[in-house]
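What follows is a single chain, given as structure tokens, in the form predicted alone.
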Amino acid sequence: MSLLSLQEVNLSFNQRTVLSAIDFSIGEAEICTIIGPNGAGKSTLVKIMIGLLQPDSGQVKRQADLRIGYVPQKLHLDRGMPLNVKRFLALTGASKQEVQATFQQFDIKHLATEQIHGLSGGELQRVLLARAVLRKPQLLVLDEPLQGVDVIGQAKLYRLIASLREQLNCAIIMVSHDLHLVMAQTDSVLCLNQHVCCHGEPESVSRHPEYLRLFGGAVAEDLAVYTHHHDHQHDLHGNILNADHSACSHD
């Protein structure tokens, strides 16, 4: 059963096309990774999915009473406002017992009295993820959750995110600008550059010497190389070299 679907979604800002003819759906307990270069419209697409933005045209259908947990790309808070981690999580309305359990699960108990503004990139991502999980979501949406996190930290977060699917029986949408490193447990990958370039299954990481050299065996198990087939090319940064929409195959 589809939790969320988009049909022919279009959006423009100041006469500039941001999203064009987007079709997408995600089912229960499915993990989908959305990739694409900077400026591809990934964050805008996510905001349409969860209802923060309305498209110019097209349909967005959500399962009735769909509970969504959202981890934004950036957290906009007044830096002059004191807010520690414990209070930040309590604002979800969760019980003290639930907050304490979340401290343990996400290994952030030592951060309870720390100010949100003083957290490192990896610490903040764990806190934001914990807050999203306290909503007991049916759909967990993560917009660039690995920003500011080193490679070892990325592998740990990948494992944690994958475990949440089993724990919550939820679907997960994760946004990444990195074409090459995609969570191994993802069921599908959507390549976006204002339009859907392609949408398909990822390829599990191989025992390639370069991956083993860069990441080591334990880390490589949590990473995957996404390979897809369409009739345009990407450079090393994921940018589309021939961006003519008519040249793309839409799977």
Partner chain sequence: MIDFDLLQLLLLPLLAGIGIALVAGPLGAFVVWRRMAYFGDTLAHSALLGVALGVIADWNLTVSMMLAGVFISLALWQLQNRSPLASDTLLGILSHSALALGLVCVSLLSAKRINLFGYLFGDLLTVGYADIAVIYLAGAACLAVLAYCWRPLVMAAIDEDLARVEGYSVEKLRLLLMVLMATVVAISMKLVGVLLITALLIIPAAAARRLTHSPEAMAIVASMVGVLSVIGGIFSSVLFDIPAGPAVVLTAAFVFMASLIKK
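As the structure is a computational prediction, the values presented were derived from the model and not from experiment. Residue numbers count along the first chain shown, from 1.
Keep in mind the form predicted in complex with its partner chain is missing from the figure; the text below concerns it.
Novice: Which among 166-174, 87-95, 100-108, 153-161 is in contact with its partner chain in the predicted bound form, heavy atoms within 4.5 angstroms?
Specialist: Selected stretch: 87-95.
Novice: Tell me, which of 29, 68, 60, 198 has a heavy atom within 4.5 angstroms of its partner chain in the predicted bound form?
Specialist: Of 29, 68, 60, 198, the residue with a heavy atom within 4.5 Å of its partner chain in the predicted bound form is 68.
Novice: According to a 4.5 angstroms non-hydrogen atom cut-off, is residue 122 in contact with its partner chain in the predicted bound form?
Specialist: Output for residue 122 is no: heavy atoms all beyond 4.5 Å of its partner chain.
Novice: When the contact criterion is heavy atoms within 4.5 Å, does residue 136 count as touching its partner chain in the predicted bound form?
Specialist: Contact check for residue 136: no, nothing within 4.5 Å of its partner chain in the predicted bound form.
Novice: Is the gap between residue 75 and its partner chain in the predicted bound form 4.5 Å or less for some heavy atom pair?
Specialist: Yes.
Novice: Using a 4.5 angstroms cut-off on non-hydrogen atoms, would residue 126 count as touching its partner chain in the predicted bound form?
Specialist: Outside the cut-off, so no.
Novice: With the partner left out here, which residues of 29-67 have a non-hydrogen atom within 4.5 Å of its partner chain in the predicted bound form?
Specialist: In sequence order, 47, 50, 52 come within 4.5 Å of the partner.
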